[in-house]
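This text opens with one protein chain seen in two forms, each one given by itself as structure tokens under the names structure 1 and structure 2.
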Structure 1
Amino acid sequence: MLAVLLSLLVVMIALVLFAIATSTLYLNTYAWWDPKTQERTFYGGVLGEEQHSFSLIMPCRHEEEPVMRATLGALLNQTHRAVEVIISVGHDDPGTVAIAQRLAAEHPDSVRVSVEGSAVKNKPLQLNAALMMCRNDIVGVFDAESIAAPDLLRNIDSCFVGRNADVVQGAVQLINFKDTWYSLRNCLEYFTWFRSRLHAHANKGFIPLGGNTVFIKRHLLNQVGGWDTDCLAEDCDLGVRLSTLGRQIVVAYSPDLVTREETPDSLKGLVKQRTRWSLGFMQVYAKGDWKQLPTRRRRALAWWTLMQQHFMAFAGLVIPIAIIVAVWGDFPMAVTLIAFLPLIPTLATIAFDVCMLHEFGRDHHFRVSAYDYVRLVVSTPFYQLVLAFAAVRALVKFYRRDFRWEKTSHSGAHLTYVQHTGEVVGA
């Protein structure tokens, strides 16, 4: 009897892991299913006349001046004419406040500083404080270490007009792929997320927004009360709430319009970042706003998307056990074969990633060597272990009600890559 129960358990775990891996493969390849789908993922081109004005929020905390200066310079270098920048800082961070005020003094007509003064500090609090200072039609968010493309806002403006959008999500691309063993995987993860996965979500009517290069109509942001200050994934939460309202959310991609960023500068930093994201997704799931989506299909997609972090934690716990049990458990041959079923979509995803690495290099004019392809494949299981560990850590923090903000530090590693293309600008 015990053997039968263990066999059933192994089969159930294998089927769940198979479903997770298959959905990942589907979302990662969505943009390439047919030429029409791929065409829909691009920007629609620039219209003749600018219709909107932009207020860009740049939240900063414990930042270095060269990093902030380069980010601000890229925002002020936009070809769109109606742009103001709000640098958002916390009152307990005097070093960054001083840098922000110095930069604003250099550009008094277009840059202002928002100093958030609450005792608890996090990004959504700073965003909401800055929102109160915004004066233009569209509010955009750029992280402190982001290099925006010069023509981005003109294309975003045209997206709002041509596609009758309430929200436009642009693409972010990590670029320092040669720096560490995990940075290549991290960069490719962003590539498939903004190139393919988000488009699949937008097409299905449910999308967890990103927190960078995202643009929302200001009156709509005020209508929904801005960002949730208790949520560690305030961007995902905002996307869920706007999806339930049936707002038109457009995701657009073009290699020459991505916002360039850096990977976390250490493995510890990556774990902290992923823990925060996982914990935030768990918070959004627990809030239950997604249950207000209008159709059962959308609610199912929302459940599946928001539960991914739980699945990741589940996989991190059971995969090693399942392999050991399947190999040494003396189960029937059929059970052992089913136990390895998740390997099929997993290997297909790795093969697809190799193709995507080639496209990533071509799109962003990076030379990808044979060594890079090898380390992409070899690093896969270790990278997944890191993500699984972060998800398990998030799950523990969730049940301990530990929602403290763990900031990702920025060293400006991406600036070297941007400088090689001659695109970095100083404020």
Structure 2
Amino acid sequence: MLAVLLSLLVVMIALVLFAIATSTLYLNTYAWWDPKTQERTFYGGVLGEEQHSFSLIMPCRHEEEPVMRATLGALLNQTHRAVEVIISVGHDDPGTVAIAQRLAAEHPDSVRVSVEGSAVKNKPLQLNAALMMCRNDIVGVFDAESIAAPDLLRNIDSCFVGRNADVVQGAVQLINFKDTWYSLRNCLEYFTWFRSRLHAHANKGFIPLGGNTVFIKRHLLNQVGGWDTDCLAEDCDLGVRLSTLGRQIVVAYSPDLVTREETPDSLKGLVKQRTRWSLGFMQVYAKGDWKQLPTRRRRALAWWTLMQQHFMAFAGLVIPIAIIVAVWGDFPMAVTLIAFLPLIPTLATIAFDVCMLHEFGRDHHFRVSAYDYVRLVVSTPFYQLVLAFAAVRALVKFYRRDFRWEKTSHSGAHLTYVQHTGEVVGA
């Protein structure tokens, strides 16, 4: 009797894992699923005339001057003409405030500084404070360490017109893939997220927005009361709320229009960042706004998406355990073989990762070596373990109600890469 129950349990876990791995495979490869899909995921092209004006918010906290200067430089270098930038800083961070004011003084017509003054500090508070100062049609957010492509805003503008969008999510790409063992995986994760997964979400009518290179009509943003200041994943939360309102959210990708960023500069930083995201997703899930989505299918998708971080963590932890149990657990052959089923989509996902790394290198003019491909495959289980650890850590924090903001610090590692590609493309 016990043996039968255990067998049933193994089969059930295997089937859940299979579903998780297959959905990961589906989302990761969605953009390549069909040539038509691939076309659909690109920007639609640039219109002759500019139709909108932009207010870009650049939230900064404990940043270095070269990093901020590079980010601001890329924003001011836009080919779009109607652009203003609000650098958003906190009053308790005098160093960054000083840098921001110095930079604003250099561009008095187009750059202003918003100093947020509340006792507790987090990103959504800074964003809301800056929003009050925005004057233009569309509000965009750029993290302090991200380099926008020069033609980005003109394309975004056309996207708002051509697709009648309320929100446009552009793509972000981490690019310092050679720096550490985890940065390669991290870069590829961003690649699949913005190149493929988000498009699948947009297509199905539920989408967690990213916190960077995201553009929203200002009146709409004011209408929903800006960002949720209690939420660690304020970007995801905003996406959920706008999805429930049935707003037109467009995701667009083009390799030469991605905003380039760097990975966290240490493993500890990565874990902190992931914990924050997972915790944020948990908050959004707990808030329950997603339950207002119009159809059962979308609600199911929302549930699946918001739980995704945990699924991945769960899968990373349980797959090895499941195999050990299956091999040495002395179960009937059929049960054992079913326990191995999740391995098929998992292996396929890793194989496709290799293809994507190739495409990533091609898109951004990076030389990807054979060693990088090996590194990618070998680091997979370890990276999965890191994500799993972060998710478990988030879960503990969630039940202890510890929602403090752990900031990811930046060294500017992506700047050398940006310079490098600039040279390649220029040549």
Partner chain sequence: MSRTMTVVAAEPATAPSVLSQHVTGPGKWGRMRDGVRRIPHDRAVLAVLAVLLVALAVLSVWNITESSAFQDDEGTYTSQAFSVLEDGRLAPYTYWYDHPPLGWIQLAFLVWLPQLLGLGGDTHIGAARMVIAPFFVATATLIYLIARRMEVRRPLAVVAAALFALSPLALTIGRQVYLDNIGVTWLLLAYYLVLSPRNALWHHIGAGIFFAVAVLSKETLAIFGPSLLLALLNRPTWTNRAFSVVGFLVVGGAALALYPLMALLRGEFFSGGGHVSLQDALVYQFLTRSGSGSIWEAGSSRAELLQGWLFYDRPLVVVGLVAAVLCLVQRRSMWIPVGIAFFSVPIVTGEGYLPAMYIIGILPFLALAVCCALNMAWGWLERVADQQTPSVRRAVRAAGAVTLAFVILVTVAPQWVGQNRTLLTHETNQDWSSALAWVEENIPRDDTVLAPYAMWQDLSASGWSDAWSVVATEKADLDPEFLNQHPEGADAIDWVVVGPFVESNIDQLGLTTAGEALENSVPVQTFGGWSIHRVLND
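Just so we're on the same page, rigid core means the largest C-alpha set that superposes within 1.5 Å between forms. Residue indices: 1-based, along structure 1. In this text, all values refer to a predicted model and were calculated from it rather than measured experimentally.
Matching each structure to its source, the form predicted together with its partner chain turns out to be structure 2.
In the core-aligned comparison between the two structures, the Cα atom of L6 sits 2.4 Å away from its counterpart.
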